[in-house]
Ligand code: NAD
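A single chain comes next, written as structure tokens; it is the form predicted alone.
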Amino acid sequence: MKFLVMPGDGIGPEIVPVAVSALETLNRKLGLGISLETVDIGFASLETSGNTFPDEALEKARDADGTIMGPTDTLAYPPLAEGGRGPSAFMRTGLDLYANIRPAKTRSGVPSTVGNMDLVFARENTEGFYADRSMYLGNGEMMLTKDVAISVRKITREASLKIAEAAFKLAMQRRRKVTIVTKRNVLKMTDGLFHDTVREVAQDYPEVEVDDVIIDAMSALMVRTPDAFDVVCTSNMYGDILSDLGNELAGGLGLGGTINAGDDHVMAQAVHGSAPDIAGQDIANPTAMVLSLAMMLDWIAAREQDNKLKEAGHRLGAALDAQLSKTATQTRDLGGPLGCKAFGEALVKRLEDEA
């Protein structure tokens, strides 16, 4: 089994090695048979190849069983014509990673804004309001004049079906509730199509409770009654915004793990950005990256029916929960004393000491 590693920009080269070290420990202890290959993306590859996401990166990812991608600083990239490709967009569309699965969960020992939260966002990943994903050729944003800009949103039945199926399958493994989040009272055709398609899929899952919430109300209800939600099924931009809110309420974006998954490929990628303001200072929290890896191990284990990978995902998640449960072993953003490197070393020691 082969995993591809893309360190990324900013804090990526600090947090990705923490996840990789944990994986190497589990690989050795459990005999997982995983080999690792690293390929540069972002500013590192821009310097060497003139492109922030070279063609070989996508080809290597297509041949890998899973990809670990660090955060990227796409806002600072040059224009596309000058080599500024968005790695996330190219991976998600190039490998049809249509399901962005983003948990938001309060954890013992971690300060949070809300009392109890354990929900998962099933976010459609390949279209919506994202300008780099809504056109076959060209960009979904256009300047009609220097004073007028417009943006095209794409919602398709096919993509809506895929994310709906992913959401209901996830709900069947959890508390059997799906909340559809749209703005269909205003965007009656696009959000109407998304809503109606998810409702159609719901008919195949009579065991699952389904409700509908408008996005602005959802942002308030997540603060007021976060324990009322289980799986949230929504389109691309809504899911991006709401999942950031959820993770911040649960303790911070540094805790936001996620996978981008399709039928055949999966990528682990933290929710947060590259945080260039703290890069190189050894103060980044690598939790989100490690959680993303644990999620990817679980996803591949389910696909391959691999009990060793399932055990690896479980051990990694349990070790992380144990480490986060005490202030003495937390990172500084959570009130603890540890830097990024020390946190990773402590996590590896937990995994090493486990019978």
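So that there is no doubt, residue numbering starts at 1 and follows the sequence shown. Just so we're clear, the structure is a prediction, and the values are computed from it rather than from any experiment.
Below: the form predicted together with nicotinamide-adenine-dinucleotide, not depicted.
Visitor: For the chain seen here without its partner, which of 283 to 291, 322 to 330, 306 to 314, 54 to 62 has a heavy atom within 4.5 Å of nicotinamide-adenine-dinucleotide in the predicted bound form?
Guide: Contact criterion met by 283 to 291 only.
Visitor: Using 4.5 Å between non-hydrogen atoms, is Gly254 touching nicotinamide-adenine-dinucleotide in the predicted bound form?
Guide: Yes, Gly254 lies within 4.5 Å of nicotinamide-adenine-dinucleotide in the predicted bound form.
Visitor: Within a 4.5 Å heavy atom cut-off, is Asp73 in contact with nicotinamide-adenine-dinucleotide in the predicted bound form?
Guide: The answer is yes: Asp73 has a heavy atom within 4.5 Å of nicotinamide-adenine-dinucleotide.
Visitor: Residue-level question: is His272 within 4.5 Å of nicotinamide-adenine-dinucleotide in the predicted bound form, judged on heavy atoms?
Guide: The answer is yes: His272 has a heavy atom within 4.5 Å of nicotinamide-adenine-dinucleotide.
Visitor: With the partner left out of view, is Gly138 within 4.5 angstroms of nicotinamide-adenine-dinucleotide in the predicted bound form by any non-hydrogen atom?
Guide: So Gly138 does not count as contacting nicotinamide-adenine-dinucleotide.
Visitor: For a quick test of understanding: in the predicted bound form, does each of Ile11, Ser88 and Ile278 have a heavy atom within 4.5 Å of nicotinamide-adenine-dinucleotide?
Guide: Yes, the whole candidate spot contacts nicotinamide-adenine-dinucleotide.
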